[in-house]
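You are given structure tokens for the same protein chain in two forms, set apart as structure 1 and structure 2.
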Structure 1
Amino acid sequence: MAATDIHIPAPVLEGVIDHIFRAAGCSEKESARIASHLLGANLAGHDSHGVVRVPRYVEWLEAGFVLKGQQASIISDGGAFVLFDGHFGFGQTVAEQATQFAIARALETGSCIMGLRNAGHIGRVGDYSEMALRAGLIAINFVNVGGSVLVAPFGGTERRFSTAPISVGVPLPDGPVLLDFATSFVAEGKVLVASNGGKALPEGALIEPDGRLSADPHTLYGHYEAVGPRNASLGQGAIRAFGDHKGSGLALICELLAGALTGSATSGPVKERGRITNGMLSILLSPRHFGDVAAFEAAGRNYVEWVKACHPADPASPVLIPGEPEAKRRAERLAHGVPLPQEAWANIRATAVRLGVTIPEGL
């Protein structure tokens, strides 16, 4: 968070985003869902998948790359598994529909393997894990991004992978464990945030064609104006995989499971410039059906407590489990407003003004 960031109350920001998508032609229900999801990403501290995406989503809608008002349809249903097609609808709409179906099936039978293909950008994958967690289910989500070749494999400089996120949620009595990360060094959205005057990228997050490491967003986007679109196809470099060969290997698995297996597109070669699609393979498990729930919860709680009791390397920074930093940020931002870089807000504001949306006074 930079000193120049502006802070917008969460309800105000959500209202602006809601009205932007209504003005762009989406229904009240779909607009509210997109706004809630994007705001939720910011509240969790995942700014790369938050409201900074609004101008790009609107551009995709206007170009026909993502479609409003779509319904996920069942391609095959084998009881223990179900495959959906999202028909290029907003990911926040069709991925929610598919996930809710899988949740109901897992609560009924104990497990469900759900595949989703041809979805628009589904946003923060942890949101779908949280849906399952609220129902008391374990969730394992693999996601790929067809048409989005951004990440160089370990040992290479050319783009071969999408940012390929993974999320795992485990429900426990004292609070869930929620793992949610891209297999790239940074999510593409973090490069987008940095290009809009937000948090700078870590050194070496990107790589140039000659192998030089970089933290400059121009490596990915090429030339861009301060206020305006960002196009990753204009850059010559790539994002690096996290953890060297380990992150690179996980990205490959995401492409094979979420892209190839579901029948969605893999990250490349890119055949249709502009349109990106998410594929998702989700595994939902019901602890109630799996065995002794009380024993599972006790063992899980005891183990998490033991991990958290580890002596910290920095006394001011205790050991945390996945999901705790997000919960802390959510409380802070609900209380004090959502921080946005000036340039990011300028881009959102420009989109709103172009669509005839009134911006609250003072913003």
Structure 2
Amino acid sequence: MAATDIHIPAPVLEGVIDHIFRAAGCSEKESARIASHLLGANLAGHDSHGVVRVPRYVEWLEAGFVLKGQQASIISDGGAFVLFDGHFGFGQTVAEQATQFAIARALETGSCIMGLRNAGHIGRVGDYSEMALRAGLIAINFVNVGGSVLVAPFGGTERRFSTAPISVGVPLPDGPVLLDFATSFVAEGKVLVASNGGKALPEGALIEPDGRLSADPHTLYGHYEAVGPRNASLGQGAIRAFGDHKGSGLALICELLAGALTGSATSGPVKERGRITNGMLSILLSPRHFGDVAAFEAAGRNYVEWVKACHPADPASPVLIPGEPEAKRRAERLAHGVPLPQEAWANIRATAVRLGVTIPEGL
């Protein structure tokens, strides 16, 4: 968080975003849903997938890359699995609908494998794991981004993968375990932030065409002005996958399961520039159907506590469990407001003003 960040109370910010999507032509329900998901990403601390995306989402809507008012429809239903088409609707709408269906099925039968093709950007994947967690289910989500090729495979210098995220949620007493990350070394949003003078990238996050490692955003965006848009198709280099061959392998699996198996697009070769689609393959499991829930919860919680009790390498930083940083950040931001860089807020304001949305006084 920078000293110059503006802090906006969460309900106020959510209201502005809600009104922007209504003014852009979305229904009240869809606008509220998109606003809630975007704000939720900021509350979790994943600003790269939060309200900063609003101007781009509105541009995609106006360009017809994403469509309002769509319903996820069933392509095939085999009982143990169900495949949906999102018809390029807002990801927050169609992924929520498909996930709700899969949750009901898993609660009934013990498990459900759900595929979703042709969804607009679904945002923070952890949101869909959290929906399953609230129903007491385990969720394993593989996601890819068709039309967005940004990441080099291990040993390569050219872009082949999307940032292909994975999220796994396990419900436990006193808080779930919630893993949720991109398989790229850094999410593209973090390169964007660094290019705007924000937090620098870790060494070796990017790779040049000649194989030199880089932390310079120009590797991804090519030439850009200090203020103005960034275009990832202009750079010559790529983001690297995290964890060398391991993260690279996971990215490949996301492309195959979420992109190819579901019939959504894989990340390349890119045929149609402009439209990006998320594909998702979700596996939901009901612990109740697997056996003794109390025994599972006790064993899981005991184990997690033992992991957390590990002697920390830095006494000031105790060992954390995935999901804990987000829960802590959410509590802080609900109490003290959502910090936004001035430039990000200026861009959201400009979109609001263009659409005739009134901004609350003082902001």
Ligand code: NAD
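Residue numbering: sequential along structure 1, first residue numbered 1. For the two forms, the rigid core is made up of the largest set of C-alpha atoms that agree within 1.5 Å on superposition. Remember, it's a predicted structure, so these values are computed and weren't measured experimentally.
K.L.:
If only one of the two is the form predicted alone, which is it?
P.N.:
Pick structure 1; the other is not the form predicted alone.
K.L.:
Pro176: after superposing the rigid core, is there a C-alpha shift of 2 Å or more between structure 1 and structure 2?
P.N.:
No; Pro176 is a residue whose C-alpha shifts by less than 2 Å between structure 1 and structure 2 when the cores are overlaid.
K.L.:
Establish whether a shift of 2 Å or more occurs at the C-alpha of Gly89 between structure 1 and structure 2, with the two forms superposed on the rigid core.
P.N.:
Gly89 C-alpha, core-superposed: shift of less than 2 Å.
K.L.:
Core aligned, does the CA of His218 move at least 2 Å between structure 1 and structure 2?
P.N.:
Comparing the forms between structure 1 and structure 2, which are aligned on their rigid core, His218 does shift its C-alpha by 2 Å or more.
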